[in-house]
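Before any questions on how it binds or moves, here is one chain, the form predicted alone, in structure tokens.
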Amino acid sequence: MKIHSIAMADPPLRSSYGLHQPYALRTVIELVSDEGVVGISETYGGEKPAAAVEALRGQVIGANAYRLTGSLVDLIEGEGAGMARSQTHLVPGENPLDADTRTFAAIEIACLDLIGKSTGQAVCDLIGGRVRDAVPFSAYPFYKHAGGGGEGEDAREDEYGEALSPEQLVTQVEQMIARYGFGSVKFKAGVLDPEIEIETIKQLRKTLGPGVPLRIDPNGAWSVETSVKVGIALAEELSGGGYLEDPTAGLEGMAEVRKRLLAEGIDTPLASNVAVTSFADLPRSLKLDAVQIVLCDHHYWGGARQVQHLGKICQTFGLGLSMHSNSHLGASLLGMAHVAAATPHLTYACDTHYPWQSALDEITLGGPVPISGGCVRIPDAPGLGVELDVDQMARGKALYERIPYRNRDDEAEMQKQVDPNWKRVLPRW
């Protein structure tokens, strides 16, 4: 087992968590079989995720790849899996309560890639068979400062430019759609005054028309009252496949927003990847009618099979299902695509940060994974469908060693670049 800590440039994107640092961190795992076949996976980065995988070395070395995840099942079924799993106050990848499920998922995907490459089968076909050959993804626009990520001589080209107004945000989306063909838009809000963000969505609808579903996600930045106000103001714009994601913090707050919007005759679904982050959250969420669409993530839900289980539960209880994203490279994107391809009840296009990452940092052989017509096609090659680029891996590892960042801290970067007194406060409005 080889564990690689790497870094990649990340643009100065804004959210209610703060500001993205110039670099994002990833952990790449290689499992090498006795026949020399290599299975890979990519997960959250930094010292703690890498150390968590390293702690399993004694159970991994010499194991049967078909059986390994069975022997590690306590990571997703035992006490360590955690019952209080909210990510409302923590950026994804920094929540200690889902550390075990993240670690399990990283090992599982690497095992599936290894098995797939050994048997000549795609990962999605190993876990039940694909129901789609191409997986739809959404454009994922952010308010952002000028800059393309990186620092000093490693500063990257700013493809999209500054976007701190509705007009600039619309231009950003038009660029993304022109390049990647996205058919829906998930807009990261919770940054500017809600009236400005309402106007941003309205301008997107005016520019793109009703055929492009719009979603808005302020990551819990609004009070119940503000959430209801936004829901009423955007009832038309969020219709036709749109949704309102995590407008306020907690299941009780989400349930109250849902109740008040329904009382106004507005049935805009509420989505979540911070109020519902584990199976343990589902019973209460269903009882309260707090969340109508679950945005899962195989990285912290416990892997590919856990997402498939979640899909069947969502179908049973009439919930929609999509996938959350974090700053990632091609191996992670393909992991998402394979899981989504084998999950029938995936009712909404998935999120992806991939357009924000620079081709200079891509670690998969052959360069960036193509996104065409808004979709990622499952490669013809076995396993995940890619190999690691040795030179690019070395570059990413050298970059990790050179930079000071060892965990994601959007609040610290906001204090450094924008306001030394800035703190994440929920609700902010």
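Because the structure is predicted, anything quoted here is derived from the model rather than measured. All residue numbers are counted from 1 along the displayed sequence.
From this point on, the text means the form predicted in complex with a small molecule, which you will not see here.
Engineer: Looking at 173 to 181, 348 to 356, 156 to 164, 310 to 318, which one sits within 4.5 Å of the small molecule in the predicted complex if you count heavy atoms only?
Structural biologist: Residues of 348 to 356 come within 4.5 Å of the partner.
Engineer: Determine whether any heavy atom of Gln306 comes within 4.5 Å of a heavy atom of the small molecule in the predicted complex, and answer yes or no.
Structural biologist: Contact with the small molecule, no.
Engineer: Since only the chain is shown here, I'm wondering whether Asn326 would be in contact with the small molecule in the predicted complex (any heavy atom pair within 4.5 Å).
Structural biologist: Yes.
Engineer: Contact with the small molecule in the predicted complex for Asn219, defined as at least one heavy atom pair within 4.5 Å: yes or no?
Structural biologist: Answer yes; at least one heavy atom of Asn219 falls within 4.5 Å of the small molecule in the predicted complex.
Engineer: Under a 4.5 Å heavy atom criterion, is Pro269 part of the interface with the small molecule in the predicted complex?
Structural biologist: Taking the distances in the predicted complex, the answer for Pro269 is no, it never comes within 4.5 Å of the small molecule.
Engineer: Could you spot which one of Glu245, Glu197, Asp98, Glu108 gets a heavy atom to within 4.5 Å of the small molecule in the predicted complex?
Structural biologist: Contact check passes for Glu245.
Engineer: Select from the listed residues Gly147, Gly231, Gly253, Pro92 the one whose heavy atoms reach within 4.5 Å of the small molecule in the predicted complex.
Structural biologist: Among Gly147, Gly231, Gly253, Pro92, a heavy atom within 4.5 Å of the small molecule in the predicted complex occurs only for Pro92.
Engineer: May I ask whether Tyr23, Arg26 and Thr364 each come within 4.5 Å of the small molecule in the predicted complex, counting any non-hydrogen atom?
Structural biologist: Contact check failed for every one of Tyr23, Arg26 and Thr364.
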